[in-house]
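Here's a solo chain for you in structure tokens, the form predicted alone.
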Amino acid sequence: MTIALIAGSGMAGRAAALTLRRVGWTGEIVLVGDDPEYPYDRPPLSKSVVVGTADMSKVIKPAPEVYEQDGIDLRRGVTVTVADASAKTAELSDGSTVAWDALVLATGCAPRQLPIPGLELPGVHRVTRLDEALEIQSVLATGPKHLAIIGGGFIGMEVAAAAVAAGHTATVLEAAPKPMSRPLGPEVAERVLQWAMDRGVVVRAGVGVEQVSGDDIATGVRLVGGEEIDADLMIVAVGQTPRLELAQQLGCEEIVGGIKVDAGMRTSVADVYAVGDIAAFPSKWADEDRIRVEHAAVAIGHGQVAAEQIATGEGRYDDLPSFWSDQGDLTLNVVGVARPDDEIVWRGDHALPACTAFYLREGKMRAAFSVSDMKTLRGVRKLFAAGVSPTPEQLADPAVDLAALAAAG
């Protein structure tokens, strides 16, 4: 009996396991992950889960019984500790050994650590796992709270917006001059920052945190310069780093901070695949040789393609990269591969907000950022699919039908 071993039960690993059965794999499937929970969707953690509005049956999915029905050996709270590429064996943290024919590395990322005194205190939370999000939910459920959030990336801003919309107050502390300027560019990031502040989120950009205050429990932070900010709840959202240790142990080639794969998610080591946050993959939508994208839709697509390759020898990942971020009553959608220094062309009134920002490089549309403008977003996707890049004037004019331009070729 052939065996597919999947190391990591996040969204990429879960997709690989479930897809294997859908595409006809008849061998054994062993899915292991360090999380004690059944696999779940991660995007809701920093939004609806922390404030208690999530339908948990739609977060933890599929239903637990599906794994048994599909013959998937799901081992929760278990990791691969040692893997041997030549012997095709893996030792697990529960003391067992698995002999594999195909190995999928879906190890994801670990929270980035900061050398700030006091981060280890009770009352300091992260939002990388379901149990952590539920801990925050339990605190917020006891009444209005003031949150101090270290980190103004997507996760930090999502938690802040969700908390404020639920009746709490939140102060975001970001070291960079503008939150989210690296993925979105300074012009678009400034607009997102303004929308958040318009909705009641307090953002302190360009500030450094010197220490988390408190004796037995965190009570706030002291900024570089001495200013004290009190808080009922501390959240650290300062990014993450890929977990590459297992791939490095196997001898997989690395590039751009991840594991180099081809369009079939194959690594440089035979019968070893890398998916999700750790995978540096080729994309026709990017100028670079390989890119990494740490977003749910990409992780799911990677897992599905790796499963197709294992079961049938076919399948390529060439999807248009995309992600979304719910921030209170706003949903930010990004498609394509943007650079911070791209030229920005706006469509719509971005003070409302109901608009789209197009990212142009050498006169060609490379990405789009859309808020409350689904018609334009659908047109953008059709333009990418058709390989059509309108002029800046056409992109800026709301009267121009982008879908029609795509259809005309």
Partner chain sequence: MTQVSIGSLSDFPEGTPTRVEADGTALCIVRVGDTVHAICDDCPHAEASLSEGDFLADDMAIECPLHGSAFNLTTGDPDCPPATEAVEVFTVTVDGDSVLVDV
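Worth saying up front: this structure is predicted, and the values here are computed from it rather than measured. Positions refer to the first chain, counted from 1.
Below: the form predicted in complex with the partner chain, not depicted.
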*Hey, in the predicted complex, does residue 285 get a heavy atom within 4.5 angstroms of the partner chain?*
no
_So in the predicted complex, is the partner chain close enough to residue 54 to count as touching (4.5 Å, heavy atoms)?_
yes
_the partner chain contact in the predicted complex: residue 73, any heavy atom under 4.5 Å_ = no
*4.5 Å heavy atom contact, residue 364 and the partner chain in the predicted complex*: no
_I need the one stretch from 104-112, 172-180, 293-301, 222-230 whose residues put non-hydrogen atoms within 4.5 angstroms of the partner chain in the predicted complex._
293-301
*Could you check which residue among 97, 331, 249, 194 gets a heavy atom within 4.5 Å of the partner chain in the predicted complex?*
331
*What is the one choice in 326, 132, 271, 190 with a heavy atom within 4.5 Å of the partner chain in the predicted complex?*
326
*asked:* Need the contact residues for 55-84: heavy atom within 4.5 Å of the partner chain in the predicted complex, sequence order, or none if there are none.
replied: 55, 58, 61
